[in-house]
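Read the single chain below, which is given as structure tokens and is the form predicted alone.
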């Protein structure tokens, strides 16, 4: 499938900033399940600096805007060819050991309730291998946390989302990571884009899911919000230990004002 993306992030400052510096994970990597046809990241008046591939195989680029800065429009446009690889990440070059992703963060730390959910999910696993166990954990998250936009915040933890039983794709991914790590499976947070449509799909065009490391198979994606593994409707951007670590845009600014942000993402299938 060929997918087109238009992603705009607008930053507004109530007082002009002296400068703004950002780190972007806004360019998809090339792997067996996706290939960039065309891709461009831009912002008027910005200077794009160093660009490198980090240890997790993700493209990172720096951007700086000199002040006075009252508004920044970061635009992403491009096309990517995708195939359905059943969620298996192949041909993605990275050097970080999967064991790095056994350590939880504040957002993904498993409490007693999350540990109990993992134990209950795997109680009937029998002779299931790691892949089967991962599917059982994903199903448990989908059942325990209903998809409900607007019910959680950016800082909501996996434990908090489970307690209230509602959340969005970020919460599903954090809970999936917590459950997997609690039973000794490396897990990480993934950001990207999703072609949505119809009543069955859950989530917005800017999407997140989890990847679990399965012995003998490698990294495999799981999207509890949509009760599936990523297929050709998904574009993978980058990964990290949680939503903050994997954020497509992270930045610092110097000045005395406050920041407001608006994000719009449109993903479409091309003929």
Partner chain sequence: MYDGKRVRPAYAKLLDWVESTSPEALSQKQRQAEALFRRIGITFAVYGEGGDTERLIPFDMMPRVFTEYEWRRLERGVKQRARALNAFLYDVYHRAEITRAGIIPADLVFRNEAYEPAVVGIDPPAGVYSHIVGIDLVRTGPEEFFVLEDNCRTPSGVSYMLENREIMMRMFPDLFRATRIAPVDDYPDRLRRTLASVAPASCEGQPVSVLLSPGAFNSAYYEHSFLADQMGIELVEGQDLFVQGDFVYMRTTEGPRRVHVIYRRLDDSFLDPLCFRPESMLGVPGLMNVYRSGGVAIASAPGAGVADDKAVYIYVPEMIRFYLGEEPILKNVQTWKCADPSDRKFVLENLADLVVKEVHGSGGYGMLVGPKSTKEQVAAYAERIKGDPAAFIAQPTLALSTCPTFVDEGLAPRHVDLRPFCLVGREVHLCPGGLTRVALKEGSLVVNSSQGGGVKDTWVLAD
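Positions refer to the first chain, counted from 1. Computed from a predicted structure; not experimentally measured.
The form predicted together with its partner chain exists for this protein as well; it is not shown, and the discussion that follows is about that form.
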Heavy atom within 4.5 Å of its partner chain in the predicted complex: which of 55, 218, 68, 42?
55
Mark residue 38 yes when one of its heavy atoms lies within 4.5 Å of a heavy atom of its partner chain in the predicted complex, and no otherwise.
no
Answer yes if any heavy atom of residue 96 is within 4.5 Å of a heavy atom of its partner chain in the predicted complex; otherwise answer no.
yes
Verify the contact flag for residue 214: yes if a non-hydrogen atom of it lies within 4.5 Å of a non-hydrogen atom of its partner chain in the predicted complex, no if not.
no
Can you tell me if residue 155 lies within 4.5 angstroms of its partner chain in the predicted complex, counting non-hydrogen atoms only?
no
Location of its partner chain contact in the predicted complex, chosen stretch of 28-36, 219-227, 205-213, 42-50 [non-hydrogen atom, 4.5 Å]:
42-50
Pick out the residues of 244-261 whose heavy atoms come within 4.5 Å of its partner chain in the predicted complex.
244, 250, 251, 252, 254
